[in-house]
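One chain follows as structure tokens, the form predicted alone.
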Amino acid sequence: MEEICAKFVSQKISKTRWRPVPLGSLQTAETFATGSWDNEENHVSLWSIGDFGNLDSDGGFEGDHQLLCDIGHHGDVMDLQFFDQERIVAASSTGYVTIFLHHPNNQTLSVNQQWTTAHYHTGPGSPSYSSAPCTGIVCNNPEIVTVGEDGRINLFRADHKEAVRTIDNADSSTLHAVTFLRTPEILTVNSIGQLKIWDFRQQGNEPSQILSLTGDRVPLHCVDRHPNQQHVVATGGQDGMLSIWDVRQGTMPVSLLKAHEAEMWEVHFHPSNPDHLFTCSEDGSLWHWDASTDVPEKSSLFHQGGRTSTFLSHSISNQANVHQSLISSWLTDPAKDRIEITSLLPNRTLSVNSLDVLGPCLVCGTDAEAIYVTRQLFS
């Protein structure tokens, strides 16, 4: 992989997201959004990577990402998702959910819509009203689903003032993240190691399915669904382990892979190349997991600056009876499949809080007030 370029931005970055490329377009990722946290004033910002990666006269990289525009954000940015090309949805530690609109003609951001009481511990109107952080959002235009520390799930629609659907006591513990499984179905992870599937076609407030880690109920912080095989799900948690689940069968993960030394904050399958997966952690590391079968026979090794160490994993169930060509490379026994892991950051710093991948491009943000970008993931 080519040079990864750092920019120091004088604010702790909690979230980084690429702006989606229009369907059918040949252009690569050029613009990304960031959210900050734990600063005196937090911001949602848009950046351009422009003529990134050109060699300057000294033979070094001109890897500067340029700030296009930013806007103040009420509270810490807990999650950030593009709703479409122009709109970004932000989740706040104050319980707010805000849609920001980008105006490319004069490079500004404005508040397009806001739900100020999306998440709360005691209700609006009560003298003891207390908000709860909104911890996760997922968008599927025109719908926005939010989850929070209050165990509540909201289904919003852009241009609707009120929630279309709310499941008030969806969870007695903190919900940390949410993703769509299929259009009417969402999947949440919580602070007691559970993964729950919810079907918005059903009127009740009960999940349609519950899966969970066995033994110690380790909090799960992040979840992502395989882009092509919707039954395959990856989660990461407080112990830094990567868990792979097949929601069609069983109630436990198919594989538990020993990964980071501290909390795993995000996990992402590559959207168009899902044999590749990316994780980041509180321990300051950013990893690229390669499970592609076209890699030459290799022992499971961890690559970092020429040093290697053995890669530990164990598969909980053996999938040998399933026809190999139909199975995701993530569901076969990783010890046989030889997953290769590469560390993408030159040296460990403070927590890597967020990452996003699109085409050959990756962006991540850290507590060391740095944003890292590379445009040559697979070279």
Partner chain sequence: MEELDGEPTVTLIPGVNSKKKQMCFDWGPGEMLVCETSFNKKEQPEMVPNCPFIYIIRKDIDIYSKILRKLFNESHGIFVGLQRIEEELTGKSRKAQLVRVSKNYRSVIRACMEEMHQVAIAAKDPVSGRQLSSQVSILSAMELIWNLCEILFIEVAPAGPLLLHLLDWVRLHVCEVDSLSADVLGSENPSKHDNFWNLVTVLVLQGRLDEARQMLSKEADTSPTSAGMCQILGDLMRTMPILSPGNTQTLTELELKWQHWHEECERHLQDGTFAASPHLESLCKIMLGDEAALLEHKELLSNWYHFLVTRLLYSHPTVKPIDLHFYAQSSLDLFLGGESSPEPLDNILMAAFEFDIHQVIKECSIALSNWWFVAHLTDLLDHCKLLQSHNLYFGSNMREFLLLEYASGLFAHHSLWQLGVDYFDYCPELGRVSLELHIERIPLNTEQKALKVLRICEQRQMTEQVRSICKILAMKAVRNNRLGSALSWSIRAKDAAFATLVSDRFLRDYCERGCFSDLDLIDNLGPAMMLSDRLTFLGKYREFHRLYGEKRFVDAASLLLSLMTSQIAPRSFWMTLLTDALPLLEQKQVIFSAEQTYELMRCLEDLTSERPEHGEPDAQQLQDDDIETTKVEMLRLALARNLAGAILREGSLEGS
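Model, not experiment: these values are computed from the prediction. Numbering follows the first chain given and starts at 1.
Omitted from view is the form predicted together with the partner chain, to which the following refers.
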| request: State the residue from Ser130, Asn141, Gln114, Gln249 whose non-hydrogen atoms include one within 4.5 Å of the partner chain in the predicted bound form. | output: Ser130
| Position in contact with the partner chain when the complex is considered in the predicted bound form, options Ser292, Ser173, Asn228, Ser110, heavy atoms within 4.5 Å | Ser173
| Which of these stretches, 181 to 189, 82 to 90, 102 to 110, 255 to 263, has heavy atoms within 4.5 Å of the partner chain in the predicted bound form? | 255 to 263
| Met78 near the partner chain in the predicted bound form, any heavy atom under 4.5 Å? | yes
| task | Evaluate Ser10 for contact with the partner chain in the predicted bound form, applying a 4.5 angstroms cut-off between non-hydrogen atoms, and reply yes or no. | result | yes
| the partner chain contact in the predicted bound form: Arg217, any heavy atom under 4.5 Å | yes
| query | Is there a non-hydrogen atom of Asp224 within 4.5 angstroms of a non-hydrogen atom of the partner chain in the predicted bound form? | reply | no
| message | I have Gly123, Gln238 and Asn353 flagged as a candidate spot, so tell me whether each of them has a non-hydrogen atom within 4.5 Å of the partner chain in the predicted bound form. | response | yes
